[in-house]
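Coming up is one lone chain in structure tokens, specifically the form predicted on its own.
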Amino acid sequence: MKIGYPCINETLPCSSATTFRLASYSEERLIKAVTNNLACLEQILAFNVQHGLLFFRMSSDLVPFASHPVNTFNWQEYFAPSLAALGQFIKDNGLRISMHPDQFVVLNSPTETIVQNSFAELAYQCSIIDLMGLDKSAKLQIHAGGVYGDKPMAIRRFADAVHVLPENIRARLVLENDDRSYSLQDCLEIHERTGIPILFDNFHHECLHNGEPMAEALRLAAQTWQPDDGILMMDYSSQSPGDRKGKHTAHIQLDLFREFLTHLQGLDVDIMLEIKDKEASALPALALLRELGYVPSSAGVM
């Protein structure tokens, strides 16, 4: 089992998502921003290895405007050595990596421009992982999209879009159940149509489900993963006390996390903590996993 957090390290004095305004785009600014972002990513990955946090979601903004028509620079070739070196570090240290394209990636949109822009963004993020030389267990995490008043038709549009994607992108896609529109059962239907594994989100399942107990839901999601996909990836969070339904907690509630772990019943998963304070919650969560024997006590000891 690996555990980690997404995108931002609050401890380190750098960002791997440095960007600039579209109106001020230039190749010089792009090179400077990407160089900074990859240097910070290297620091974050080193921090994570040192502390035993071996699951990390990379920022979607590593290359600003990568999928925008304004960016005609061959950044793939320019940064190939840097990305390959980062990929080697990831492989050497047993890290697992994912990316999560932004909400504007909507494969089932009835608007063709939105679908084509989504394809371009997926191609960019997939190329980052491909240039790192990572295997199929490094994933691109997406949502099913909108319902548009006709969920069966929306599901068909999603499946049709997936089938025309290049194989390297399809091989990395995972589908996350959400808290408003697409339940685990909806995602299982999409899986049957596309073969895309389901990345399980426990908090979303608590908000939107079809009556499946948590342990059953975890196993249904895990069954959609093939051996070369790696083990089940999941997002973990819980309700922020006193806030609107569906708002993620700011800091991990270890009693709830401990209770959630009882539902695994021997299932191996890699857990991404979608909790606002990032590594500040990931470190005590890792300590609990060590205490309970899910992670060797020597893993990541400084």
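One rule holds for the numbers: they count along the sequence shown, beginning at 1. The structure displayed is predicted, hence computed values, not measured ones.
What comes next is about the form predicted together with the DNA, which does not appear here.
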### Message
Within 4.5 Å, heavy atoms only, which of His51, His248, Arg258, His263 is in contact with the DNA in the model of the complex?
### Response
His248
### Task
Heavy atom within 4.5 Å of the DNA in the model of the complex: which of Lys139, His204, Arg96, His191 fits that? Just give me the one.
His204
### Message
I'd like to check something about Leu22: if you look in the model of the complex, is any of its heavy atoms closer than or equal to 4.5 Å to a heavy atom of the DNA?
### Response
yes
### Message
Does any part of Gly146 reach within 4.5 Å of the DNA in the model of the complex? Heavy atoms only, please.
### Response
yes
### Message
Residue-level contact is defined here as any heavy atom of the residue lying within 4.5 Å of the DNA in the model of the complex; does Ala66 satisfy this criterion?
### Response
yes
#### Entry: Contact test in the model of the complex: Ile114 vs the DNA, heavy atoms, 4.5 Å
yes
### Query
If contact means any heavy atom within 4.5 Å, which of 75 to 83, 225 to 233, 100 to 108, 163 to 171 contacts the DNA in the model of the complex?
100 to 108
### Message
Need the contact residues for 43 to 65: heavy atom within 4.5 Å of the DNA in the model of the complex, sequence order, or none if there are none.
### Response
Arg57, Ser60, Phe65
